[in-house]
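Encoded as structure tokens, the following chain is the form predicted on its own, with no partner shown.
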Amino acid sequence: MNDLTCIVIGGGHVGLGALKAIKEETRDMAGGRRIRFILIDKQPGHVRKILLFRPAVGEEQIMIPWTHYSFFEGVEFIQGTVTSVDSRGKQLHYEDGQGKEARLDYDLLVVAIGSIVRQPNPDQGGIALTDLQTAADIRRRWHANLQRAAGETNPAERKRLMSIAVAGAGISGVETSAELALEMRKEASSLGLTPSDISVYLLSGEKRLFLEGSEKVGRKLDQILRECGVTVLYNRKVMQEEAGGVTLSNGDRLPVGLCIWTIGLIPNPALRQMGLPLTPDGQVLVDECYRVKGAPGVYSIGDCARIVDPRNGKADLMRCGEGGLQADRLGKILLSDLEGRPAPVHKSPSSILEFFCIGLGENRGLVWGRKWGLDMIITGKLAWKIRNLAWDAGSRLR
């Protein structure tokens, strides 16, 4: 018998998780046929996207070689970008690393190309934290500003160069602002500047932080951020960065040396050219077992798919935790489908336990969980350790 070909598109945390789960469940065999695994990704290694703020703060490397993972043994890797999927002919087309067009036949296909960071309009200025390049640009710019501040004699200009606005107060904005404030204070001290003159403003369009939890959690998060040196400005959005400052939605102007946008995620726009059925928002339409509607043998999970718990109608959030659980379940679903057995259906993680963890700089963090209406809050070193475990789990390092 010929081999079965299973292709995973996307080597982010969800794609890697799917690859691992399918290999472990099938042991590389199904119905007496060997399974040939192929991973397609445009990057030469796994990028820990959930840690993207780290290279914006320091010089931490967040790309891990594929060969680091033991379950990658026997997996063929293709560096390229998938351009379309012919679900009727079970074939995909892609552009390889040299820009040449090519195609592959598949029996099983997993689409896990995730999301991208939402960007402001080009005329709004600033810089969005979208990828490794922009992270490096951000690091260079705030470093350059502090070096200029060290030689600046005008107090107002020195203060401006030591100030940053982070637009968007989701988890990414919170983690970015906290780590920036702590690192900028260290750098200011080494340059002979006064660390307390560092100002990191986190702009929230809401009246409080962390709408996913209670007001008490939002207040606790605000308190920890203030201890890090972050000032949260509520009910205000950044409208535009220009001429050394940002204009806010209430008309105020804030002098800053840099504006960083962290305004959420959108499904990967590359999905729109693949030929798969999508929601109006651009997510792949799947059933309760992650099977793409009208495309036999094709599955989709993670941020790029709209996945709904059939028992309560609740859609999964675009978060690492949800994607990891989906990847684990997909291995069982796929094996069940190959063996003609009923497959497990999706279950929303929040139906079991609502859970968030947020990193706020070394030895600082906040973990929140809710079960039976009761809030559980952990802060400090223990929360930081839990957040590190979650980051490692997201990249399949544990």
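Numbers follow the displayed sequence, beginning with 1. For clarity, every value in this text was computed on a predicted model and none was experimentally measured.
The form predicted in complex with a small molecule exists for this protein as well; it is not shown, and the discussion that follows is about that form.
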message: Each of 220, 232 and 354 within 4.5 Å of the small molecule in the predicted bound form, by any heavy atom, yes or no?
response: no
task: Check each of 225, 146, 248, 82 and return the one that places a heavy atom within 4.5 angstroms of the small molecule in the predicted bound form.
output: 82
query: Is there a heavy atom of residue 40 no more than 4.5 Å from a heavy atom of the small molecule in the predicted bound form?
result: yes
query: So in the predicted bound form, does residue 268 come within 4.5 Å of the small molecule, heavy atom to heavy atom?
result: yes
- prompt: Looking in the predicted bound form, any heavy atom of residue 19 within 4.5 Å of the small molecule?
  reply: no
message: Given that the small molecule is not shown alongside this chain, does residue 179 nevertheless sit within 4.5 Å of it in the predicted bound form, heavy atom to heavy atom?
response: no
message: Just to confirm the contact call: exactly one of 296 to 304, 181 to 189, 137 to 145, 98 to 106 touches the small molecule in the predicted bound form at a 4.5 Å heavy atom cutoff, so which is it?
response: 296 to 304
